[in-house]
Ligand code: ASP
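Here you get one chain, nothing else, as structure tokens; it is the form predicted on its own.
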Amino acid sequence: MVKVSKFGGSSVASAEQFKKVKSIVQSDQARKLVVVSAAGKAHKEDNKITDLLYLCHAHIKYGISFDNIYSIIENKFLNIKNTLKINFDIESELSSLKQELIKGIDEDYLISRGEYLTGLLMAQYLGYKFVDPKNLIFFNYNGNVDYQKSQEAFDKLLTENNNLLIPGFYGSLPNGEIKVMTRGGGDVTGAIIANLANAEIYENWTDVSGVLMADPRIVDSPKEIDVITYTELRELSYMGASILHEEAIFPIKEKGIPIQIRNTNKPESLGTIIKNTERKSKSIITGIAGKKDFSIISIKKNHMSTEVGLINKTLALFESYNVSIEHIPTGIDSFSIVVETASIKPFIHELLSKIKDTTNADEVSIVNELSLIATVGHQMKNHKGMSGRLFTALGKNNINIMVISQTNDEINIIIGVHNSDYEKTIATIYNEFAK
């Protein structure tokens, strides 16, 4: 049995956290493949290594000294090394990187050094073989992983070593240049490694004991989800739940490898299992998540239903501005486009004018400060009157619904409310279905 164990930034933020990781890894011989993020924040006043590296690059770009920032990075790594008495020359690595900074440096390469340096220390501490992801995770120029090439490299590594330590967050392009993923990409690295290894399970160790039914900043002590499907988690992740990078699901879903979200600080907790099989639970819903700051653009035109291609023309305008569309509520003589406000803010007036000219609409209007909230759960389809119950609960709490959307598989119900009702809406839905 092989487990892939990925440890997030908070799990490797200090010498004390390194000790916890070692204890977890050594407690199960199946944990042969370990993935680490860059060292994160050990306390509120601390800094994430990745953030500091971004700051260094910004200072270099504008010709400002980065010495003070880099000294913080150096001290963080040296503190871990010296406290744990790790026999590794991290000083030389830090010195070499500083010299490269002085000469000017590629941003992706620089940002990847957080994971790289953390991985070097952790590999030595665990006694694992360090593997540079640039020689293992290969990307095509379109950004997709070259699984065939990556698999060949992985299989060769396994014939020579049993236990591997792999930094997360980056790989390499066909020309050998470093390519980093989006923030949180260490989760994706762990999923890719689990895919390549045909792992029994992918453990994602973080600072929470699994996935919660709602945001604990809004709902007091929300229940933990013991089992959730890949699809349910993706819906919640897309709508703002930040436990796992949403792209981490794809590399393992096709092979049916379950994910287990676990807490480095509470390893005795089993956390949340994410898998294909639908869960059995007393609760109708699985979870609630949402995002603020959307806009809804409404287009009204008499006899719209008899006109062919009107919506398509409008969508083409958004595509020309490279704007992603969230939802398209429609009526007989009107339809609306829901988008993130930030994505259209730079050219909103120009866009509205083009929509009116292109559609020859009677009226084009926009409403901002919209929040989208998703109520997710496979079991909702088995309960008649689910939507009615939800809308009744919101109505009793004087919450006005501006948008309603539901998928045909009935796995989620998405509603739009004013930003000012965001927290109240989530709490109302939770109290109606989860308690």
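Numbers follow the displayed sequence, beginning with 1. Quantities reported herein were computed from a predicted structural model and do not represent experimental measurements.
A second form of this protein, the form predicted together with this ligand, is not displayed here; the remarks below concern that form.
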| item | value |
| --- | --- |
| Partner proximity in the predicted bound form: G186 to this ligand, non-hydrogen atom cutoff 4.5 Å | yes |
| Any non-hydrogen atom of A38 within 4.5 angstroms of this ligand in the predicted bound form | yes |
| Touches this ligand in the predicted bound form: F169 (any heavy atom, 4.5 Å) | yes |
| 4.5 angstroms heavy atom contact with this ligand in the predicted bound form for T50 | yes |
| Options 177-185, 324-332, 193-201, 85-93; stretch whose heavy atom lies within 4.5 Å of this ligand in the predicted bound form | 177-185 |
| Members of 104-123 lying within 4.5 angstroms of this ligand, judged by heavy atom, in the predicted bound form | E115 |
